[in-house]
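Below sits a lone chain in structure tokens, taken as the form predicted on its own.
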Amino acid sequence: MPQDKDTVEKLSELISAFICYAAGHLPDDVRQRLDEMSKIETEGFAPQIYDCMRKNMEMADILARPSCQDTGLPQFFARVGTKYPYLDEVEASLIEAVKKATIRAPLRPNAVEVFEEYNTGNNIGSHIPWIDWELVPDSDELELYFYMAGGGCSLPGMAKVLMPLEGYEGIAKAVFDQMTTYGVNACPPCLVGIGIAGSAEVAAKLSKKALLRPVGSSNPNPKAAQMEKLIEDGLNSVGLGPGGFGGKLSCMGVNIEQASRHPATLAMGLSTACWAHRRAGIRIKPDYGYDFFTHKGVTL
């Protein structure tokens, strides 16, 4: 079906403004958690690092610029209602929005084509922006999460399949091995996302989706929630601290998402978000009205 150019233009304009704002303003829950942590970190270099973070956020707002020079690779997690009237135009609108935001925000061009090894210059490339689709029955809205997957926060990312006898202790060991090796590269304090499933690709995807959950939320399964707390306490005891300069707290939190596994496999995935966790969510109605729910009260 031919795409409606007027719809693509209207949607891309709104989503471009959404991306530009998200690039320079952290979501409400992340700002609140960083403020809470800064009041706990009173020794060593930690207070100065949190002061730098605070100043960084203030200047990003004043200058209307991204809060970090690495604006990452654009990733979208789209929950689209089956009755949303512009379903055919969503993908084209997201691509056009990224092109516009790359110039307006501005976003650093980060899309490097694999094998050819050249930068496309506009953050558009093979399967980039990455779009994860989910259909929502009987809904006429588009719920869109945008995430900037930067180089630092992507470095600790991994997925592996464990022998089932390694159990949940094996998952925890893999997390600690990775975070104590690469966690400092992710600009801590990090939000840690863990996926548990039956295959590596499902676990990896769930670990990234775990980063979309609010900071401070808990998995509804009591055993998973307990594991989140135990790993968070353990990572904090490592003492990475803000910026990796040492401190009492290494992570903003640990979020676990799970899918049923095969009896013979236990897969885990790990994704991290840096302190500048530029995750943003918006619901768009058919009349282009919206709810920017990660940044309450903001008008685009």
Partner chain sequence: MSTFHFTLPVSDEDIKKVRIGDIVYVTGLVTTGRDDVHHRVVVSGKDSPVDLKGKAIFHAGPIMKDLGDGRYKIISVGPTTSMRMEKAEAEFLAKTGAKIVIGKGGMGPKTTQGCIDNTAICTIFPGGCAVVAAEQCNDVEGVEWLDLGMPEAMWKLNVEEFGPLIVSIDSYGGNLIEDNKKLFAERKEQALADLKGKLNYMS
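Positions refer to the first chain, counted from 1. Since we're looking at a predicted model, the values are computed, not measured.
Beyond what is shown, the protein has a form predicted in complex with the partner chain; the following relates to that form.
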Worksheet, complete the sentence: Answer key, the partner chain contact in the predicted bound form at 4.5 Å (heavy atoms) among V254, V30, A267, M53: the residue is M53
Worksheet entry | Contacting member of G157, G198, P106, G216, with respect to the partner chain in the predicted bound form [4.5 Å, heavy atom] | P106
Discussion item. Is S67 part of the interface with the partner chain in the predicted bound form - any heavy atom within 4.5 Å?
Written reply: yes
Discussion item. My question is simply whether K173 lines the interface with the partner chain in the predicted bound form - judged by any non-hydrogen atom within 4.5 Å.
Written reply: yes
Fill in: L211 within 4.5 Å of the partner chain in the predicted bound form, heavy atoms
no
Worksheet item: Are any of the heavy atoms in S126 no more than 4.5 Å from a heavy atom of the partner chain in the predicted bound form?
Response: no
Item to complete: With the partner chain left out here, work out from 140-148, 179-187, 127-135, 74-82 which stretch has heavy atoms within 4.5 Å of it in the predicted bound form.
Response: 179-187
Practice prompt. Taking the partner chain as it sits in the predicted bound form, which residues of 219-250 have a non-hydrogen atom within 4.5 Å of it? Please list them.
Written response: K223, Q226, M227, L230, G234, S237, V238, G239, L240, G244, F245, G246
